[in-house]
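Here's a solo chain for you in structure tokens, the form predicted on its own.
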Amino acid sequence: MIAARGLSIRTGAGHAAVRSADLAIRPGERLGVVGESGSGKTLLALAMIGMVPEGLQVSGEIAVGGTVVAPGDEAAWQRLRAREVAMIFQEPMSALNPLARVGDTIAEPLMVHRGLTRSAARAQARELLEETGIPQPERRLDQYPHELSGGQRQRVLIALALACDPALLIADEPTTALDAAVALRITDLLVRLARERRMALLFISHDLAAVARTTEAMLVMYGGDIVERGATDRVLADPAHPYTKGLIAARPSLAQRGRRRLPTIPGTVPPLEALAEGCRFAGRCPVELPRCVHLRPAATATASGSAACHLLGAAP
């Protein structure tokens, strides 16, 4: 199991980019994380692989397979990355080294972490490409990233992340820049791999439809806080937090008839220094209470899981 308890990430100026996040992912589980840009999704994921950018201060506890790893223990994280936790980074068009052949890129962690010879690593790289559905895998090994399509590059990134059979695979916006048909195949591939390998999957996306298709449980983040969590289908069908309701209402639907303006969440995510000390959604929430600005709401049980909103607690 991979777990985080009380995980917080602050800037050098002391502003919280992630506040006291708790989550746990067991083998075979698929957890989605949604929220607008700037909500803290990617930072949360980077903390789970020990790659938070320099200048940020990380506190709290991260446990990998029962072993607690200090956020700043780079030597420990180097031993765990690829073998226990791996990540598919955003933008398949730019995430691969343009000067390295595909086979060399995938073979490197196999040689470094598993001690395989170059020929054995190449053979394993071919099997990984085949597993991820790339046609003519033997040929692809000798190609450079620019010779592949966006969907093929994304599959190479998945093969690279799977090379050392990690317990947790983090997929950060894996369908970005892909057309709808390719994105659909990529999400189906991730689900199949998680099931077959009994691998935990942390799936980060703006796309609620992709999250619904890929995950069993989900977290909703806003301003560095986890504002709602629960089973994916139940949260999407019966959201409790005003922010979650706003995200779901803003989705376009082919079932809608006639022309009408889509609902929107007013404003934009403010910079960290301008976020409220209480509920981070204060200032944009349509049902805000006076206490919301200064008092952080506790998580309250809901029909779908739990949500952190004063409206769900005691009567105002």
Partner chain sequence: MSYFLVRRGIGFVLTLIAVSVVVFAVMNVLPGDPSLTILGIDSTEEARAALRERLGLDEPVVSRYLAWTFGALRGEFGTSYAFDVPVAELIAERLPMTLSLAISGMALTVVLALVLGIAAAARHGGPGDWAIMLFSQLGIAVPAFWLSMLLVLLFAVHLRWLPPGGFPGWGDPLAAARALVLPTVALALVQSAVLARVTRSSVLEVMRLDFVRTARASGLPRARVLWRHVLPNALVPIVTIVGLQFAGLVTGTIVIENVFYLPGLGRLLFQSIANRDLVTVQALVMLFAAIVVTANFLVDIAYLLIDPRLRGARA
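From a predicted model like this one, the values you see are computed outputs, not experimental measurements. Numbering follows the first chain given and starts at 1.
The same protein also has a form predicted together with its partner chain, omitted here; what follows describes it.
In summary, the region of this chain contacting its partner chain in the model of the complex, judged by heavy atoms within 4.5 Å and restricted to 110-118, 230-238, 187-195, 215-223, corresponds to 110-118. Within 4.5 Å of its partner chain in the model of the complex, a heavy atom is found for not a single one of 205, 251 and 273.
In summary, among the residues 63, 56, 289, 51, the only one with a non-hydrogen atom within 4.5 Å of its partner chain in the model of the complex is 51.
Under a 4.5 angstroms non-hydrogen atom cutoff, its partner chain in the model of the complex has residue 157 among its neighbouring residues. A residue is said to contact a partner when one of its heavy atoms sits within 4.5 Å of a partner heavy atom; residue 139 fails this definition for its partner chain in the model of the complex, lying far away. Put simply, residue 81 is close to its partner chain in the model of the complex: some heavy atom of it is within 4.5 Å.
In the model of the complex, residue 74 approaches its partner chain with a heavy atom inside 4.5 Å. Taking a 4.5 Å heavy atom cutoff to its partner chain in the model of the complex, none of the residues in 181-217 make contact.
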